[in-house]
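Single chain ahead, written as structure tokens, the form predicted alone.
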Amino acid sequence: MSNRVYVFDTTLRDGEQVPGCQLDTHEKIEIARELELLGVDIIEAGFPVSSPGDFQSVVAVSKAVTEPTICALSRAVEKDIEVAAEALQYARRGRIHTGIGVSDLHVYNKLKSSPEAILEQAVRATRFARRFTDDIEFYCEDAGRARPEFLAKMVESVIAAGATVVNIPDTTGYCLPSQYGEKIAYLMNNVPNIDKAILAVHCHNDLGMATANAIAGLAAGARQMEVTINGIGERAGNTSLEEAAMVLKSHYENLGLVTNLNLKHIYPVSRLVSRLMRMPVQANKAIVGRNAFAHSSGIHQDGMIKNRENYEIIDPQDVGIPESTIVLTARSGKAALNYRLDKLGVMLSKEELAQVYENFLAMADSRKQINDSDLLELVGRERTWHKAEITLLEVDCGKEKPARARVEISYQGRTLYNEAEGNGPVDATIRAIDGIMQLDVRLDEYLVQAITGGGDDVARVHITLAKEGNFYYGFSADSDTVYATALAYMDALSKV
């Protein structure tokens, strides 16, 4: 059996089903082109019969990319299949993805049918789809809860009818990894014509096991993994592309499986999807969360400084992240403090470091997180570029007029002033600051979190700026969200 795993990305279809995160056609094209650079094998571009917009998106993506196979979803209904085929007419390689529910719950309660009728409908749909393309994928919806014997019969029948890939979804995220792996193994051993098709794993994350289930299925013989960037998708999401890809790389000696992915492109694509879908990545998200390669514990920091592999099984550069970060907090030790001071060009003796460390702990208890300007303050040094300070911020906004911000910044002994309009108070404020600071950066992430709740709540703002492949983080908190945003933005700019 081949050790090659095909990567089927469904960010633009299953991933886009997240409420409030819909993409327009231009945004889908932008993501599709980045997925092509990432090296995915198949892009599921949409469900053409569901809406005119989805139909046009599949057409546009088919024209925009050339290397990946473009896939369109359909139900096991002739009209769906015809519309999917029409949407794929410009694809260099097109795939129709059709299917039907196979669990008893779906057969009897959802479809109001019988196993015999469902089997007949599945075979008929597969044969009909073969009129339009030789690349047919059939999904057995809710296979995770289906009876093994009926599922095996379904898989055998659709392969005989012309399916080249058969998708075995754990639609509700119900299975344990051992159960899902056993289900794939059962099919590999009990479907006589299984060598004529590829089994695909499509796992949902309702119980937090999507990645584990997908890996169990691949280990049992499946050779296509269906994934989304950042693990987005219906309800709790789908198998995360970045997690599954790095599991295969990290455990190659155990699994012996490979993909065609350009792993260094993972983080840029993650940031793009997060920005376009307006869906921040949780800080502790594996592989791409902002804390995935951040270390604040003194014990961990000391080990990291001595050898990165003490606490990291993945080199952040392997996924496109420039470097790990040592975050200074009250939990940090002398080694981390000395490491950061050394980066700033400050060399201290053991006695000096001990004294500075005592002052550092007191500062960290009050300020929570210590940045470079704080360290320079501790040791009595100054850096002019750290002296940018907002001395005035006024914003006018309303429903019938564009927002206008007036900003005054004290910087390098001068007072600088600018006004700007924007799409809301935050946008106007950032534009006004950009007009003063004149730094070519891109706002990569903007996250506002409530700290306490209530009308007098304090907003904690996190901002990520991107410049020349590097990322810079800014933080602030204030009862005025716009002012907190301005402070966080300046904090990030100071690091640029």
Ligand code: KIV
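Since this is a predicted model, take the numbers as computed values, not measurements. Start at 1 and count along the sequence shown; that's the residue number.
Not pictured, yet referred to below: the form predicted together with ligand KIV.
Engineer: Taking 4.5 Å between heavy atoms as the contact cutoff, choose which of 233, 169, 94, 181 touches ligand KIV in the model of the complex.
Structural biologist: Exactly one residue meets the criterion: 169.
Engineer: Counting non-hydrogen atoms within 4.5 angstroms of ligand KIV in the model of the complex, say which of 409, 73, 247, 154 makes the cut.
Structural biologist: Among 409, 73, 247, 154, a heavy atom within 4.5 Å of ligand KIV in the model of the complex occurs only for 73.
Engineer: Quick one: find which of 396 to 404, 291 to 299, 169 to 177, 215 to 223 has residues within 4.5 Å of ligand KIV in the model of the complex by heavy atom distance.
Structural biologist: Contact criterion met by 169 to 177 only.
Engineer: With the cut-off set at 4.5 Å between non-hydrogen atoms, does residue 141 touch ligand KIV in the model of the complex?
Structural biologist: Because a heavy atom of residue 141 falls inside 4.5 Å of ligand KIV in the model of the complex, the answer is yes.
Engineer: My question is simply whether residue 14 lines the interface with ligand KIV in the model of the complex - judged by any non-hydrogen atom within 4.5 Å.
Structural biologist: Contact with ligand KIV, yes.
Engineer: Counting only non-hydrogen atoms and a 4.5 angstroms cut-off, does residue 271 reach ligand KIV in the model of the complex?
Structural biologist: Residue 271: no contact with ligand KIV in the model of the complex.
Engineer: Give, in sequence order, every residue of 198 to 212 that has a heavy atom within 4.5 Å of ligand KIV in the model of the complex, or say none if there are no such residues.
Structural biologist: Heavy-atom contacts within 4.5 Å come from 202, 204.
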